[in-house]
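Next comes just one chain, in structure tokens: the form predicted alone.
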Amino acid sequence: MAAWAERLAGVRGVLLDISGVLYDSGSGGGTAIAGSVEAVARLKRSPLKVRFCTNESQKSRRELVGLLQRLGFDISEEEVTAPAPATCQILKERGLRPHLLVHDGVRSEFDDINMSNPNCVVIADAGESFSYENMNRAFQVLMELENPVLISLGKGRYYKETSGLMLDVGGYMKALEYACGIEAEVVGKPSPEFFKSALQAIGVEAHQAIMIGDDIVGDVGGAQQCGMRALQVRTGKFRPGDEHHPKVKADGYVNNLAEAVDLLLQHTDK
């Protein structure tokens, strides 16, 4: 008990991953992870500031929030930090016109973006659209540019659906990096800017915040590099080997979000 009190001392804000922590996606939209709906409700009734942080790039933020609401979660679009809206802001600020290699479900996020005569490529978890033809077209666009820019909505290796583990955008991003001899700009976890924007939204400093996620590298490692603490849940994409990762060690491992919230509410005000 004393160890948890020390690890959680001074926490004022909580960043929550969504997929694998709140719910597992899949057919019919997916299913809420046991205890997670009430865990979120308890957090929001507490004095702690809460922000939802996701690398979801197969659904628009509106669609994702609608799904979570149907599953019973108390959540609004304004409470979610997601990579597609952040990417659109970057594109506008830098005058970039993207060639999109993304899932149809997230294309609506780019409706206000000029895509004529592309001068960059934006890649996301495109699912079935990751064909050779589409990957090769993205490769060709990049190779035709004098200063190629590749922006990736996350760099996850895999994620979990109700049917099992699914290959994520990271492998495809790495393929384009290798083929084109370039380095992608990552918008989303584990990008420090992504975490900083989430913290800014709730007005909490990094040392006062804790991240709860299922990804040992993207969630835990990314948050810790920003000066935050991080817990890993044993749901979603968690694998037993994560607790012995050679480079990243979470500040604590918990069975699920409900257990994490129990600990937070017991110790953060002490």
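Numbers for residues come from their place in the sequence shown, where the first is 1. Keep in mind that this is a model prediction, so the values were computed, not measured.
As for the form predicted in complex with a further copy of the same chain, it is not shown, yet the points below apply to it.
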Worksheet item: Applying a 4.5 Å heavy atom distance criterion, does Tyr159 contact a further copy of the same chain in the predicted bound form?
Response: yes
(message) Does any part of Arg97 reach within 4.5 Å of a further copy of the same chain in the predicted bound form? Heavy atoms only, please.
(response) no
Practice task
Please run the contact check for Ile113 against a further copy of the same chain in the predicted bound form: heavy atoms, 4.5 angstroms, yes or no?
Solution key: no
Item to check | Non-hydrogen atom contact Arg234 with a further copy of the same chain in the predicted bound form at 4.5 angstroms | outcome: no
* **Joint contact, Phe130, Tyr172 and Ala179 to a further copy of the same chain in the predicted bound form, by non-hydrogen atom at 4.5 Å** => yes
Among Gln140, Gln200, Gln89, Ser76, just one has a heavy atom within 4.5 Å of a further copy of the same chain in the predicted bound form, namely Gln140
Per contact check vs a further copy of the same chain in the predicted bound form (non-hydrogen atom within 4.5 angstroms), the hit among 79-87, 191-199, 105-113, 163-171 is 163-171
